[in-house]
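Shown here is one chain on its own, the form predicted on its own, set out as C-alpha cells.
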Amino acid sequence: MTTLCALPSLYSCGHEIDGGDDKVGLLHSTYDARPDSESLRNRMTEDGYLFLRDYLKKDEVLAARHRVLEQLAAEGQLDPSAPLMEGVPKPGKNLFFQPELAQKNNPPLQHLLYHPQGRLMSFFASFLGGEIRHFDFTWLRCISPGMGTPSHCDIVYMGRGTRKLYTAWVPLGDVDFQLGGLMILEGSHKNERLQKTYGQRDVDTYCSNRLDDPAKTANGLNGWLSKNPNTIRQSLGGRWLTSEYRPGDMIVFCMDMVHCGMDNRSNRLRISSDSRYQLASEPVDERWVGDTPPGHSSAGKRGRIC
C-alpha cells in the first residue's frame, strides 16, 4: 500500500480529483495518541470525523469479510477461479448495495458491528457518554469495478431522529487507492449555508397536494449534492481527504459531513459497511429500526403541504 505523501490520480464518479496540496490531502489518524473521550468529542467538533487506525480487531473484520464473500459465492456472484478472499466478481456481474447480506445469516458482521461488548459499541458508549442504540439496518456495500458514490451528507437520509447521530464506516479488507475508498470534504460539517438549505431536506418527503410529485414514489429524490467532486469542493471550500485503509480501521463522522466514494479501478470488489449509532435516550429515525426497517420504501414516505 502507498505510504508516500504524494497522492496518485484519484477518481470519483468518473471525474479525476483536482490535484494540489490545497485541493486534496490525507486524513489524519485520530487515535495515535490514545486520547480520552472528551478529546475525541472536541476533535469531532473541530474536524467532523475521527480516523481510528487499527481500532477494531483484524480477525473479526476478516471473519465478516469471509462470510460476505461466502454469501456472494453461493449466489454465483464471484469468479470461481479466483481465491475467495480476493473478492473478484464474475465477469458481467455488477454489484453495489447489498444490505440483505448483512441482515440475513451473517453472525460475524453482526458481532463486529453490534455486539454490546465489542470494540465498536464500546467505543460509542464511551464517546457519547451513555447507553447507546444502533440502527437495525446495515448499509453493506460490495462495489464492483466502476463508479463510486456521489457526494452527499447523511442527514438527508436519516434526519427524523436526533441530529447527534454518527456513521461508522468500516472497510472489510485492505482498500488501496486503486480499489478506492471513503473521501471526506474538509470542514464541510461547519458550513451553515449548507445546513440551512440542503441539510434541511428529507429524501422521503413529498408534496401531498401535488399528485404528480415524483418524490412520492419509492424511487424519488436521491439526495446527492453533486456527481462532480471538484464542483462541490469549489463551492464549499476545503480539501478532499482520504487514505488507504486496512482491516481494523474505521472512520466515524457526523451527519453534516460531506463525503463520497472513490471509483473502484481494480478488478476486485470493495467491501465496506456503514452503521449508525446514537444515545438511546435520543429520538430515533423510524425508517431504520425494527425487524424489517422500511427504509426508503413507500412505507417510509411522509407527505407534507408544499
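These numbers come from a predicted model, not from an experiment. We number the residues from 1 along the sequence you see.
The same protein has a further form, the form predicted together with a small molecule, not shown here; the description that follows concerns it.
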(message) Residue-level contact is defined here as any heavy atom of the residue lying within 4.5 Å of the small molecule in the predicted complex; does residue 247 satisfy this criterion?
(response) no
(message) Can you tell me if residue 238 lies within 4.5 angstroms of the small molecule in the predicted complex, counting non-hydrogen atoms only?
(response) no
(request) Determine whether any heavy atom of residue 79 comes within 4.5 Å of a heavy atom of the small molecule in the predicted complex, and answer yes or no. (result) no
(message) Even though the partner isn't displayed, in the predicted complex is residue 135 close enough to the small molecule, meaning a heavy atom within 4.5 Å?
(response) no
(request) Just give me the single entry in 195, 98, 167, 144 that has a non-hydrogen atom within 4.5 angstroms of the small molecule in the predicted complex. (result) 167
(message) Between 274, 60, 256, 47, only one gets a heavy atom within 4.5 angstroms of the small molecule in the predicted complex; which residue is that?
(response) 274
(request) Determine which one of 266 to 274, 37 to 45, 61 to 69, 239 to 247 lies within 4.5 Å of the small molecule in the predicted complex, judging by heavy atom distances; exactly one does. (result) 266 to 274
(request) May I ask whether 149, 154 and 261 each come within 4.5 Å of the small molecule in the predicted complex, counting any non-hydrogen atom? (result) yes
